[in-house]
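Here's a solo chain for you in structure tokens, the form predicted alone.
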């Protein structure tokens, strides 16, 4: 099973990804988290890891190597989806080289790549690698791949979501976040992916939660549950500490139930 988490920058996608992974692990799932956000560097410590794994970009020969593959596709007038940047046609989660995955208590982390310096160029090679990795990775019944997508919607243009079982959006209390959630729902449908709904995040009061839920539902976006604003999450982020699920356990279980129901539904439903 493969689940993508989307949303605007700063909405708390990585926080929700870490909470989702912890709850899936509690239910006996083996979880592989894929960090596909080229700018956010903090996911590894949220998961309780001491350091991030080497980026898959290196395993694929580096960013310049992928760019050469893409340029060849353009000169041959071929869609970049026809070009392969990974040597194998498929692989399982336990076949990833140790240097490129870090595990802690049944939760693993894979990092696609990061922007490290000025004038490095666009993130297109990372999007291409994300799409191909998700297409080729195979999961058993007790395994879940959870993808922390880059902010915004550009990844839909690259077809990253075409190989996942469900898409969920994280929405914070802002009009920008709400309108983006509506757009993500439409784009997920166009990509052939199932849209599970929205997790409300950084909700500071019942009134704010009700207004955010109403704004989403007026746009046809189902609100799954609301994660209240937690000062300890903010402080943990400043100190690089792993997230503690217990303060929001009920809210997390609620949205996990919802997204699993969507992801596990028979094809065609």
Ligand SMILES: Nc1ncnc2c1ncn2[C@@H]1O[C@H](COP(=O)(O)OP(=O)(O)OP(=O)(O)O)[C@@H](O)[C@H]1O
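Just so it is clear, the structure is predicted and the values come from calculations on it, not from any experiment. Numbering follows the first chain given and starts at 1.
Although it is not shown, the form predicted together with this ligand is what the next lines describe.
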_Counting any non-hydrogen atom inside 4.5 Å, which residue from 56, 216, 46, 31 sits next to this ligand in the model of the complex?_
46
_Partner-proximal stretch of 221-229, 22-30, 208-216, 48-56 relative to this ligand in the model of the complex, 4.5 angstroms, heavy atom_ = 221-229
*Please run the contact check for residue 242 against this ligand in the model of the complex: heavy atoms, 4.5 angstroms, yes or no?*
no
*Going by a heavy atom distance of 4.5 Å, is residue 8 a contact of this ligand in the model of the complex?*
yes
*So in the model of the complex, does any heavy atom of residue 107 sit within 4.5 Å of this ligand?*
no
*asked:* Test of understanding: in the model of the complex, would residue 151 fall inside 4.5 Å of this ligand by heavy atoms?
replied: yes
*Heavy atom distance at most 4.5 Å to this ligand in the model of the complex, all of 2, 36 and 139*: no
*For the stretch 10-25, return the residues whose heavy atoms include at least one within 4.5 Å of this ligand in the model of the complex, in the order they occur.*
10, 11, 12, 13, 14, 15
